[in-house]
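Before any questions on how it binds or moves, here is one chain, the form predicted alone, in structure tokens.
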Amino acid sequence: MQFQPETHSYYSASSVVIHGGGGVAAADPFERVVRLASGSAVVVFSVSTCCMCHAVKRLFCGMGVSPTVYELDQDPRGKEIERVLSQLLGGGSAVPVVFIGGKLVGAMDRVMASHISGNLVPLLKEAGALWL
């Protein structure tokens, strides 16, 4: 797993698709989520004490993927980010939330469904997170 600095991004309204840009800090929590989610091929928003967060991080590491992980309980503005993530998911639990290639995959259930159906590996390859 790797931890990276933030980069500037924007939001595409048709679906949650993230595109990278410069290095400007955003005050708006939504803009911050968009910027962080676009900073790496695989981004996991997590809470360090969450068992599902641990499981999704282990899944990626077991596949040879090094996700960028943002531990929201260690971020002073983590609660704001959790609220934004919950809104993006349509309510409910906000972690773990996974973005691959700047696209919202979703929470643990969506990641596992993609993995079981065989769609996760192609997503990871397309994002440049896997080369095999």
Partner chain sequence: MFPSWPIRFHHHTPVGSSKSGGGGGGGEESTDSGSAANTLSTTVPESPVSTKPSSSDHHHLQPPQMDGAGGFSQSHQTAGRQTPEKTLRRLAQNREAARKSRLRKKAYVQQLESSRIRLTQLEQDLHRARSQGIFLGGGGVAGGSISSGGAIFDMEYARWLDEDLRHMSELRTAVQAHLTDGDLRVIVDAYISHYDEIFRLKGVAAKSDVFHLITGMWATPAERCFLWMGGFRPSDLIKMLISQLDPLTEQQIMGIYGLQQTSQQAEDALSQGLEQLQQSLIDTIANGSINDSMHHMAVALGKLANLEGFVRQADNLRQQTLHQLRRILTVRQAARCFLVIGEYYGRLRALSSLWASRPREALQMADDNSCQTTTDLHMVQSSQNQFSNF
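Residue numbers count along the first chain shown, from 1. Quantities reported herein were computed from a predicted structural model and do not represent experimental measurements.
There is also a form predicted together with the partner chain; it is not shown, and the following applies to it.
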Among Val84, Ala41, Leu59, Leu104, just one has a heavy atom within 4.5 Å of the partner chain in the predicted bound form, namely Leu59
Each of Val69, Ala127 and Ala129 within 4.5 Å of the partner chain in the predicted bound form, by any heavy atom, yes or no?
no
is_contact(Lys79, the partner chain) in the predicted bound form, heavy atom dist at most 4.5 Å:
no
Would Met112 count as a contact of the partner chain in the predicted bound form, using a 4.5 angstroms cut-off between non-hydrogen atoms?
yes
Can you check whether Leu89 is within 4.5 Å of the partner chain in the predicted bound form, heavy atom basis?
no
Applying a 4.5 Å heavy atom distance criterion, does Leu123 contact the partner chain in the predicted bound form?
no
Taking the partner chain as it sits in the predicted bound form, which residues of 29 to 61 have a non-hydrogen atom within 4.5 Å of it? Please list them.
Cys50, Cys51, Met52, His54, Ala55, Arg58, Leu59
